[in-house]
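A single chain, nothing else alongside it, follows as structure tokens in the form predicted on its own.
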Amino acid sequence: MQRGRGWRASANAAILLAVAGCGGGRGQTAPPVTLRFWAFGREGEVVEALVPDFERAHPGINVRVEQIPFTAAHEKLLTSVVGRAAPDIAQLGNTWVPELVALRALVPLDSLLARSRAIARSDYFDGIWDTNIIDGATWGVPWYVDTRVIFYRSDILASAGFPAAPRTWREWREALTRVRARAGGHRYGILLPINEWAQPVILGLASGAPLLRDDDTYGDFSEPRFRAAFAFYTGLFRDSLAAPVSNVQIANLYQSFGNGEFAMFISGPWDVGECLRRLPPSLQGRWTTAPIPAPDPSDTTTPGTSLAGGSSLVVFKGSPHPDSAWAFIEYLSGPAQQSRFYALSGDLPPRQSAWEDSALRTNSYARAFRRQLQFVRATPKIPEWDEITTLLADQAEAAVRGGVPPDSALAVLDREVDRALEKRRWMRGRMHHDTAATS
């Protein structure tokens, strides 16, 4: 009897301990969560200022921001995925999204977006949002946007008879011709660094060229619309309207622009701040920005299409805290936080409602970007795109400097792109074969 009572007492104590250990007590709280957030470059420095408000609103979640230089970001991301050491959340350049999707490293966000009250798809610029949609699924939420517009010396164009920016390619070429003639051949109309791929691609996008064909498995640069855009591009060099130099040959872009060595260049939002800082006070008010002109000579109201760029926020598949990671993305995506982030970084917000902030609404230089962001398009969303841009830059330089006829350069480009996409064609063929075999 004594042994029986002792056994029952021990059993009851064990049960009570087990219940307490399982969180049965009402005063128990979940252990705090620590999120790892990888942010790159300047963004990694300034985003720290937004974290405290989030942590105050979410007492159980801590965010550890890990700043990584842009030069090391791509390799570090791939290494972390292979080594299963990826962060919970990362800032991801839009052209990197397809590669991480192909590696099956990211969490699809459609179900989270469907029940989110903080992120309104309709509030985002369409072309920017589209950069995150691959094979019908959404893999990232735009964090900040980038597109390219024209920076131009308004005083030089006005003296050449263009008090406003050109709106069509015909006007654009005429303005460049007049600028060149008025300076007696001692000034170029525009700087288009011949080792950069963005400018000919922007002209191709503005023309409606697809760039690739057959489910992005073959090059399509000899297609008539891109061919016309490339002819316009190379013609600017042929007629000495564009400076035949690479970006490494320009010792100081802002000094050359300020000296009037060229009247225009194409760039992104980061150069607004650079021009404000680096151009002398005497030139402030004598330069501004404008959307890319349209190829159609009869369309003077709609800009040409430009690149849809920037960075998005993604959740990695191995994250042990996906719900907390999503809560942080929702927080950073709020219009108020995007306005604060713009004030800290100068990065343009992807949500149109954030543009109602007075700092953006009254910024005359940002006006062209807002207009352009309504007319942007994603480049082909495939992992091989970065390799293709290198091939394109090489052939553009061959056509400008090497004396290769433009059509011949594009034919070579298509052949090289086809080789670069050989594995993609094989994988697509294998996928279709497997699908047919199981149906």
Partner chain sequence: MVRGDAGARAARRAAVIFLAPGLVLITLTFLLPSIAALGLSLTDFDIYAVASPGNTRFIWLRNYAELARTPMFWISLRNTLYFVLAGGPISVLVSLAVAVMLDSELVRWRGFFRTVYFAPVVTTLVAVAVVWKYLYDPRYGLLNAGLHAIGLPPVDWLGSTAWAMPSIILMTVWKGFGYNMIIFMAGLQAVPGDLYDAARVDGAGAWQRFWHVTLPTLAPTFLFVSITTMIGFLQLFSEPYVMTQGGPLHATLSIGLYMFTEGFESWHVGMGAAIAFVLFGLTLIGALVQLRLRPKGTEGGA
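The structure presented is a predicted model; accordingly, all values stated were derived computationally and were not measured. Numbering follows the first chain given and starts at 1.
There is another form of this protein, the form predicted together with its partner chain, and it is not shown here; the text below is about that form.
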| query | finding |
| --- | --- |
| Residue among Arg104, His186, Arg121, Arg277 with a heavy atom within 4.5 Å of its partner chain in the predicted complex | Arg104 |
| Interface residue in the predicted complex among Ala158, Val248, Ala336, Ala114, criterion: non-hydrogen atom within 4.5 angstroms of its partner chain | Val248 |
| In the predicted complex, segment of 406 to 414, 369 to 377, 66 to 74, 50 to 58 with a heavy atom within 4.5 Å of its partner chain | 66 to 74 |
| Close approach of Ala327 to its partner chain in the predicted complex, 4.5 Å, heavy atom | no |
| Any non-hydrogen atom of Thr362 within 4.5 angstroms of its partner chain in the predicted complex | no |
| 4.5 Å heavy atom contact, Glu223 and its partner chain in the predicted complex | no |
| 4.5 Å heavy atom contact, Thr79 to its partner chain in the predicted complex | yes |
